[in-house]
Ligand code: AMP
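What follows is one chain in structure tokens, specifically the form predicted alone.
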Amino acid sequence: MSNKLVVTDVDVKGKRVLVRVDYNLPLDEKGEIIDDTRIRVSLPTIKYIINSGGKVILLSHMGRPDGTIQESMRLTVAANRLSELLGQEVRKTSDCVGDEVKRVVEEIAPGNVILLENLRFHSEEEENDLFFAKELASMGDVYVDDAFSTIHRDHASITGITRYIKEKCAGICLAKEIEYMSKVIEHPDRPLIALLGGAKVSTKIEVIKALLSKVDGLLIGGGMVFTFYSALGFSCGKSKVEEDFVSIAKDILLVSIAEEKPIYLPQDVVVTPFISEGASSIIVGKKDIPADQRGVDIGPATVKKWTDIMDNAATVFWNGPVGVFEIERFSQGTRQIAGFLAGSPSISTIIGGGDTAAAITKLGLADKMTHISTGGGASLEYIAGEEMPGLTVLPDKK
């Protein structure tokens, strides 16, 4: 990312600065914020613009309203929380385009902050409608993308808008994200160990293939392990197996042998007849899953083996809980792995966003990790080497 222009390289004094952030926040049933991490990571860029005498106009989406106004997806809660964190009022507009919004933007004074309403209330956002993008661009002199979690999207506020604004750059958070992710795939401190969890192989096939050529060892846990077990001929009981990916899983295991890049599957698993907090559970070996049981977590022997492997690593990239973390009794594997990494300051630990980031935050261990990404899907696609439209449109430093 060192070759990309960053907001700190740009003169923003007196200018209207459009900042694409991601305030797609998790909310509880009362509409209150569960985790404000995505707001907090945007603060360095916002504060830099404020302190440099710029005018901040924030662009964001929330949820999937599909081009309609959904009261539960308004950005009011984000504006209120940002106001608290900044210690100054953040005005939220009732829409993100239109004459009234333009009037509010024109009245903004240097050092002030405005948050425009949910971009996805307009279907033109996800369609990357260029007229809509031009309307957004007309309200700014400088465009800053500080939303790593959306750089894999080809949307109006991410790519289309850059056609109509001459000055554009990355935000501080985005620059930091790319710095860490690039290091993982380009020049990591070694040994490099990757730990992938999550429910489905299908969503991580390309990431597994990409990482296999780069890592010194790959640990695979979570629900997707049962597709690999099936590829090895093991009985998986009631565990979810993605039958369409069994042959691909087998190919991946063969490649790991041929390239001498070891893949470590769990030696033991926690199984239960049904997924519930009150359900009974037992620990069994990987070949001994009962026909009426399903796997929900890695077992203690696996935790010991994996932490021993990671103890010799210089860098660990982790994406995906290794069990059903939402249920307390099936979260022990994830908890123990997280606790080990948090207590190992010599290991550079990169958390690949999504559910893993939520789990680490819930455990209160976020400040013990080297870097926690704000983008689950974006981090995986970046690691897999897929094109990032939001990055492509940002200029390099001269």
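Residue numbers run from 1 along the displayed sequence. These figures come from a predicted structure and were not determined experimentally.
Note that the form predicted in complex with ligand AMP isn't included here; everything after this is about it.
> Pick from 83-91, 291-299, 132-140, 114-122: which stretch has non-hydrogen atoms within 4.5 Å of ligand AMP in the model of the complex?
Among the candidates, contact is made by 291-299.
> Just to confirm, A199 within 4.5 Å of ligand AMP in the model of the complex by heavy atoms?
Heavy-atom contact with ligand AMP at 4.5 Å: present for A199.
> Examine V324 and determine whether its closest non-hydrogen atom to ligand AMP in the model of the complex is within 4.5 angstroms.
Answer yes; at least one heavy atom of V324 falls within 4.5 Å of ligand AMP in the model of the complex.
> Using the partner position in the model of the complex, report whether G223 sits within 4.5 Å of ligand AMP, counting heavy atoms only.
It does: once ligand AMP is placed as it appears in the model of the complex, G223 has a heavy atom within 4.5 Å of it.
> Is P266 a contact residue for ligand AMP in the model of the complex, using a 4.5 Å heavy atom cut-off?
Output for P266 is no: heavy atoms all beyond 4.5 Å of ligand AMP.
> Ok, T203, T307, T76, S256: which has a heavy atom sitting within 4.5 Å of ligand AMP in the model of the complex?
Contact check passes for T203.
> Can you tell me which residues in 82-110 come within 4.5 angstroms of ligand AMP in the model of the complex, by heavy atoms?
Counting only heavy atoms within 4.5 Å of ligand AMP in the model of the complex, no residue of 82-110 makes contact.
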